[in-house]
Structures are given as structure tokens and as C-alpha cells.
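Next up: a single chain in C-alpha cells, the form predicted alone.
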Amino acid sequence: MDIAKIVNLQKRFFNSNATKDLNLRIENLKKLKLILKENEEKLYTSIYTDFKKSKFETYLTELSIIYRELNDAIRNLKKWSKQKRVRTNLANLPAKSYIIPEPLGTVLVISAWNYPYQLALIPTISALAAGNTVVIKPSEIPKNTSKILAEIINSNFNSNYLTVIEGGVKITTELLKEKWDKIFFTGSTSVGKIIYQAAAESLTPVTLELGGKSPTFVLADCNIKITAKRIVWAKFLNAGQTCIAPDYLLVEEKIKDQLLLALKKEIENAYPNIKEVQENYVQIINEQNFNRLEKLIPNQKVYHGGQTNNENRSIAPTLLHNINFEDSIMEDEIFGPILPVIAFENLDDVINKIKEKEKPLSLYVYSKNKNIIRKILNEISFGSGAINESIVQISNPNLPFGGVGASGIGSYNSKAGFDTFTHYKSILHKTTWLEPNIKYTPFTEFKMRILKFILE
């Protein structure tokens, strides 16, 4: 595969100005939606082969979000792309000022394996809506979903506009040698650093959607039953292989036992026979991740679960208790169905512990106390979050999604995604019927007084 040729053809096509046509953008977004609809059964089959992920969960966590993003872009693209008039200051009158949205150019989207459709196509939709050309490099780990994405996109779109290039580290390395106008990467912080370093060579702007240990505060005044139900759903969805899943719980000591019991009951209700991979519980993606997660489980601290099955790469939803910040499981993001529970008595102490670590991608608070909620939100820096809920913030198109610090750079989601792949060009448009002499020589005291009056 001649990667350089594909990139050069995309640059040439972009420079023809064809992608700036709004009608072309809208038609291609509609086309993308149509081919996804036509190939839904293939998409379901491919992801089931990789993950044992059900149609229901695939639709809920992948396709429904993609369709929403497409509908939102198609409906709002003309409004987003409008030239915006802004106020002209006194010093520049008579004139008008405005901002023109323009696409960045040729974009590389490198996606992660855990939500292979969503994480490849959501930024792609934003990039196409903004008027760019796109190369998608899907994760090679779920090989069947990578293959079906390449099949349906490459057979329906010209490669000089939108194409999928499959492959592993070698292909990614080759892609990073090219000069892009934007790189969008979703994955681990360690790989994000490599992407960032490669992009810096050519001053290519990047958006990095990374990860981190996302804390969940559970305060004594919460609704324990609903809290347990929502946490179990959010944590064990996709078998915990979700970047914004609750990574660990910080539970007020006085309700620790009640909450653990409620979490256990909810797990038993949701996953009654975990010995086999079920229709509502997916596999761990591969043997490497299965082995990593299995080693993370400290048997002496298992409150519930802990069973593993290496034949079908299944790990039961697992609750850990008597955990503290010094335990090995608290060192890195878990990214699996293991939920440590840390009890606390002093809120300030645990807030300070979190602030000593890298900034998390997400944070959640279960409480009715507005003062405590405000305190946590104000004192801890994180990418996105929710109150009395977990992970669903990503489903609101009006909320930009992204990390901060080690958990990411930049954001996307609906209009925020359009902005990520857009340059806003500022224009001052001046008239020629009047030209005050104040800025020209000779510079006099009188002109200085006028300048001070105007500018200060």
C-alpha cells in the first residue's frame, strides 16, 4: 500500500475546494448513514465475533451514538458553517469584522479497540462535516470490526476523500511520517505521547482522547439502591472496557457495607450466570488483556466475583473491598470488570489524594448535597462527569467530550467536534471612503492624546 500516494491524493482533492461545498458534505454524511444502515447485520456479526457483544449493546453503545452524530451534523451543518459577524472596535471604524469557519485539510483518525465503530466514526463524521478529507486507521486488535469498516467504507467512497487503512504498529508508524493537517487519536496515554511527539515534528495539531483512573464519590446521603444500579451498569458495560467507566469508588465509611451489599445484589441481578459469556456481557478483547486483568485481582480482597475463564476470556464482575490508594490496583487504569472500593471518613483527604495524581478523564458524584457536589466539582480537575449517574454525559451532544492533562487534549462531540476540525479565520474588512491620518507620520502630541482616548 502506497500511503504517501493516498495522502497526496487527499491533499490534492482538498486543494480543489470540492470538500468546502456544503451540499457535498451533507450528501456524503447521508451516504455514510445509508451504508451503515444497509450493513448493520454485518456490523453486528463482526463485533460479536471479536467481543461476543450483543446486538442490543452494539446498538446502544456504538450505532445509536453514530446515527445521532450523523443526524446532528446533517441538521446543523449549514448553521455551524455560517460566517459570523462580530463587533468592530472604535479604533478600526469604519469597518466590519467577521469570522469564517474553514476546514483544516487532510485528517488522520487513529481509533481505539474498545468501541471500534464509535471511536473510529464519531471524529470522522465531525471531520467530514467540517469539510476535511479523512484517513481512518482503526485498531487492529478487533480484526473483524477493522475489516468490516474497511470493506464498507472503501467500497463506497473514493480514497481521495475518505478511506480506511488497516494495520498494526508498522502502518501507524508509516502514517505518522506523513504531513497531516490534523491528527485525532483515541487510546492510551503512553501511545498518546508517541503520537504527540510525532506530530510535533511538523507542528501538526492534535486531539488526544486518552484515559486515566476515573473516581466515583458515593456520599452517605445518596439513594443507595439507584446508585448501585447505575454504577454496576456503567462499570460492567462492555466488561469494564470503557475509558470513562468508574475506575474506583470512594465511599463514605458509614454506608460502605450497605453499598457493597447493594452492588453485589445488583451484579447478581444483572449477570446471574457469569460462568459463561452471556448475551449481555462481553469478552475481554484478547488474551494479553485477560492475563493483565487476572493478575490485578487480589484474592484476599475480593468481596464478590473474581472468577475467571481463560477459554472464553471472561472475568466475572468483581468487587474489591478494604482497598487503599497504595494498593497495586490503584496504580494504573483498570480497563476491565474489576471495581475497587475505598472507604473514607474525611472528604478533604481523598480530594487531596486525587489531586496528587494525574487528572482523570471523568469523575462522578452520587449525592444530594449541593455544597459537597460543588466542592468536588470546583476542587478537582477532570475531563467530563456526571452527578448521580455515570458515563452517560457522552450521550448529550451539547456537552463537549475530552480530557485534561494526562487524560487528553481537546474535545469533540457534535458542534465541539466540528470546531475541533475547523480553523476560524478572522477578517477585518475596512472601507476606503474614509482614512483618518492619526496612525501616519508625523507622530504628534495631539495624535497621542487622540490615540489614548480611542484605545484606552
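Numbering starts at 1 and runs along the sequence shown. These numbers come from a predicted model, not from an experiment.
From this point on, the text means the form predicted together with ligand NAD, which you will not see here.
If contact means any heavy atom within 4.5 Å, which of 186 to 194, 364 to 372, 252 to 260, 378 to 386 contacts ligand NAD in the predicted complex?
Correct option: 186 to 194.
Consider the chain as shown here, without its partner, and state which of 111, 132, 318, 145 has a heavy atom within 4.5 Å of ligand NAD in the predicted complex.
Exactly one residue meets the criterion: 111.
Give me the residue from 210, 339, 121, 232 that has a heavy atom within 4.5 Å of ligand NAD in the predicted complex.
In short, 210.
Mark residue 204 yes when one of its heavy atoms lies within 4.5 Å of a heavy atom of ligand NAD in the predicted complex, and no otherwise.
Flag for residue 204 set to no.
With heavy atoms only and a cut-off of 4.5 Å, decide whether residue 169 touches ligand NAD in the predicted complex.
Because a heavy atom of residue 169 falls inside 4.5 Å of ligand NAD in the predicted complex, the answer is yes.
Is residue 418 a contact residue for ligand NAD in the predicted complex, using a 4.5 Å heavy atom cut-off?
No - in the predicted complex, heavy atoms of residue 418 and ligand NAD never come within 4.5 Å of each other.
Taking any heavy atom pair closer than or equal to 4.5 Å as contact, tell me whether residue 313 reaches ligand NAD in the predicted complex.
No, residue 313 is distant from the partner.
Check 137, 243 and 401: does every one of them have a heavy atom within 4.5 Å of ligand NAD in the predicted complex?
Checking in the predicted complex: 137, 243 and 401 are all within 4.5 Å of ligand NAD.
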